[in-house]
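Single chain ahead, written as structure tokens, the form predicted on its own.
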Amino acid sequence: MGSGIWVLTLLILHSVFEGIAGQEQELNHRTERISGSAGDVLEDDPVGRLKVFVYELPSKYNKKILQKDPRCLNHMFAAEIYMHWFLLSSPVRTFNPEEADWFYTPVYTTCDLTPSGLPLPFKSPRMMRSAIELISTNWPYWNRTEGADHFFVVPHDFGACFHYQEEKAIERGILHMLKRATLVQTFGQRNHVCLKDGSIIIPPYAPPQKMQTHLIPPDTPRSIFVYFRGLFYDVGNDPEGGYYARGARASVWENFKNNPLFDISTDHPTTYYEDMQRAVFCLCPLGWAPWSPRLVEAVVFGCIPVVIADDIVLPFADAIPWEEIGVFVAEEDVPKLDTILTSIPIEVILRKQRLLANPSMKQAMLFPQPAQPGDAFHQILNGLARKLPHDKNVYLKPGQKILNWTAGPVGDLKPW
């Protein structure tokens, strides 16, 4: 790149920062409520609108798994554990299944980690099948609807397809026994076999207490224009970079590794959270799956998320106005990222920051302990409440069967 272009780039960077800094002090004392129905939905209180019956399963399905590997509590898939804990003491819980609107089966299908902390989903289908066989045998409620009034938390990379590689996840498809249930999952991509109609898309788990300890003064200037830390190539599984992230991350690196507007690296510094709070834009590209905890971190730290994941379905999209708080860049347009981001008017940037500063926006992305009004737990319950009442057609006639219990790979049929 010629020296003249570098000078122009730096002048653009200086003018953008100067414009933002000139209004940051005012911004730190202002937030903006989400307008219209989205804001109302975000602030809904689900208590009194639904009742949930929690199946009591043998501890081998949950408690003992966690005892074996407590690392699961801090993993990005930990929502399945915290949702269980939340429901046990939630005011929406009922101990009378006859009055329940929804039934919940607490199965920790993602708590099977390698020594390096990567999840192994290979046992998950058999574990889930075993749990469903148990509840359908010991209680009558599953058999009334074949799961249509049941919900399951499945925070795997590709949800209830139970595989971390997309090609194999697509080949597997959603576990057939869950075809009628409501799935609460992190994976969301339009027109994808691993996302069924009616699923509730949730944020991945990011540790609220840890993020809280890394907060910096809100008047700290945002002196980084674009920030990203993470892999650009998965050398072990895709050394050329064309398949991993569909080439989008590789394109970010090859196009902008020497651009002064972009603070990007594979390093993960101890100041990672602080750096996000000093950045205007935080890149949230797809990896093996379209979602990652970066989206949560960006919202919590007020960094405008730049979503690079075609057809992604984002968490709680009926409550959070993603188009207003984020920037969406098509994967094929990654080489034009610098032009796209520097072309956004300062007043648009400031409005996105005001919306991100709204505490209810941040709360909706978190699974705090203990739970707080408006948090991700409550957004999940709101999503379930909005599905009520159940259609009369979900209730089966005596002897009627819809699900094929022997469908799927032969390995899934082995006992767990």
Partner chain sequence: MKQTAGQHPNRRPYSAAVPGEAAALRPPSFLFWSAVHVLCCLVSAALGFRFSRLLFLLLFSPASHHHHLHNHHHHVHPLRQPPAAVIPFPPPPPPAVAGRVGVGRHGIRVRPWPRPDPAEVARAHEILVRLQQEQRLRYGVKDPRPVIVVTPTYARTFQALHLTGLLHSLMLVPYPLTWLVVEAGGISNETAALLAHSSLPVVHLPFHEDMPVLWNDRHRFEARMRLRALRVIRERRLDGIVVFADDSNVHTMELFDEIQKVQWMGALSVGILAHSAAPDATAKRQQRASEQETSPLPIQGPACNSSGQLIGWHTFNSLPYAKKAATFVGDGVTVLPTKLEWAGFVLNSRLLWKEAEGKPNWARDLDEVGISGEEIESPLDLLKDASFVEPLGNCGKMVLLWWLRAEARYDSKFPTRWVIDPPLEIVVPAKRTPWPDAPPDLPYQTIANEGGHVEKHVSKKVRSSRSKRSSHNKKKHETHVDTQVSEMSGAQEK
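A quick note: this is a predicted structure, and the numbers were derived from the prediction, not measured. Residue numbers count along the first chain shown, from 1.
This next part talks about the form predicted together with the partner chain, which is not shown.
- For the candidate spot formed by Glu56, Asp101 and Thr182, no residue has a non-hydrogen atom within 4.5 angstroms of the partner chain in the predicted complex.
- The chain is drawn here without the partner chain; in the predicted complex, the stretch among 196-204, 90-98, 330-338, 138-146 whose residues come within 4.5 Å of it by any heavy atom is 330-338.
- The partner is absent here, but in the predicted complex a heavy atom of Arg222, alone among Arg222, His84, His150, His75, sits within 4.5 Å of the partner chain.
- Residue in contact with the partner chain in the predicted complex (any heavy atom within 4.5 Å), chosen from Phe228, Trp322, Phe256, Phe301: Phe256.
- Though the partner is left out of this view, Gln353 does reach within 4.5 Å of the partner chain in the predicted complex, counting heavy atoms only.
- Remark: Tyr108 does not count among the residues lining the partner chain in the predicted complex, judged by a heavy atom distance of 4.5 Å or less.
- At the 4.5 Å threshold, heavy atoms of Thr266 stay clear of the partner chain in the predicted complex, well away from it.
- Among residues of the shown chain, Val306 is not one whose heavy atoms approach the partner chain to within 4.5 Å in the predicted complex.
- Residues Tyr164, Gln165, Glu166, Glu167, Ile170, Glu171, Gln189, Asn191, His192, Val193 of 161-193 are found to place at least one heavy atom within 4.5 Å of the partner chain in the predicted complex.
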